[in-house]
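Form predicted on its own, single chain, as structure tokens, below.
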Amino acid sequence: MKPYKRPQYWNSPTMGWWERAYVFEIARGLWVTGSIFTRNMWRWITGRKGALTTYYPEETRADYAPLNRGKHILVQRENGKPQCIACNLCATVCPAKVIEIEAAFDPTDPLHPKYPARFEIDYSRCVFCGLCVEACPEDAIRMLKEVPDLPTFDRDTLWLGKEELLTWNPRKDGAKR
């Protein structure tokens, strides 16, 4: 196999002796870190609030942004089925392409013959923009401010399926049948 050769550009930057001597930038970084540490330590010693450390999951930050969107849910119909009609608008408008829907057909339900057989969201790539919520014509997908058990060490657990989206904090829309 041929080794990868990095392309050379006409305007590639060249480093002067100041940039090549990393010692100065390392010293500047240590000064910034040390000054912030000293300031926070002084505030902690004097009883004032220092660093904005939150002991998750026991504590939740009080200063979450008011427009924090949080975790997705699928709204249920009165019979417990998802309100989603598998139109794929949410998956189409998603800029990160994290929503996957597999549509199915139910001939016994004349009002809603199409439903999602599989509805999955990949939270490892979701940008929480809320475009999926805005695009849904049935108001079937919503976002709640809570984000329980979302931080994890395993990326495979960040794929949320239809059952979890329906059963975590279930919501029903009484206006829809």
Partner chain sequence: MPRIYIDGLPYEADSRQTVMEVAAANGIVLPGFCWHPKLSVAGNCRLCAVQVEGRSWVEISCNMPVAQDLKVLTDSDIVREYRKSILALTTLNHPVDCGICDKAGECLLQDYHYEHNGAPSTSHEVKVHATKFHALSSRITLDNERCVLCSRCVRFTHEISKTKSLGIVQRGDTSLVRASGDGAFETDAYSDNVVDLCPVGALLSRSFLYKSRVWYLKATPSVCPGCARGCAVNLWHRKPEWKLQALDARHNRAIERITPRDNPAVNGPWICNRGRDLAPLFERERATQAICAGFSVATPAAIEGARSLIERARRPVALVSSWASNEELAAFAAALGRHFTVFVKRDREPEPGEVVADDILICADKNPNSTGALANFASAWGPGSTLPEGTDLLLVWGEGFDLAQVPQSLRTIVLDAWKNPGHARADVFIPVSIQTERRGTYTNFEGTVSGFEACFEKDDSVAHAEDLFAALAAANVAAA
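Remember, it's a predicted structure, so these values are computed and weren't measured experimentally. Positions refer to the first chain, counted from 1.
One more form of this protein exists, namely the form predicted in complex with its partner chain; it is left out here, but the text below deals with it.
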item: Contact flag, residue 29 vs its partner chain in the predicted bound form, heavy atom cut 4.5 Å; value: no
item: Distance check, residue 134 to its partner chain in the predicted bound form, heavy atom within 4.5 Å; value: no
item: Contact test in the predicted bound form: residue 73 vs its partner chain, heavy atoms, 4.5 Å; value: no
item: Any non-hydrogen atom of residue 120 within 4.5 angstroms of its partner chain in the predicted bound form; value: yes
item: Per-stretch contact check against its partner chain in the predicted bound form, the hit in 141-149, 39-47, 120-128, 65-73 (non-hydrogen atom, 4.5 angstroms); value: 120-128
item: In the predicted bound form, residues of 94-125 near its partner chain [heavy atom within 4.5 Å]; value: 97, 100, 101, 102, 103, 104, 105, 113, 114, 118, 120, 125
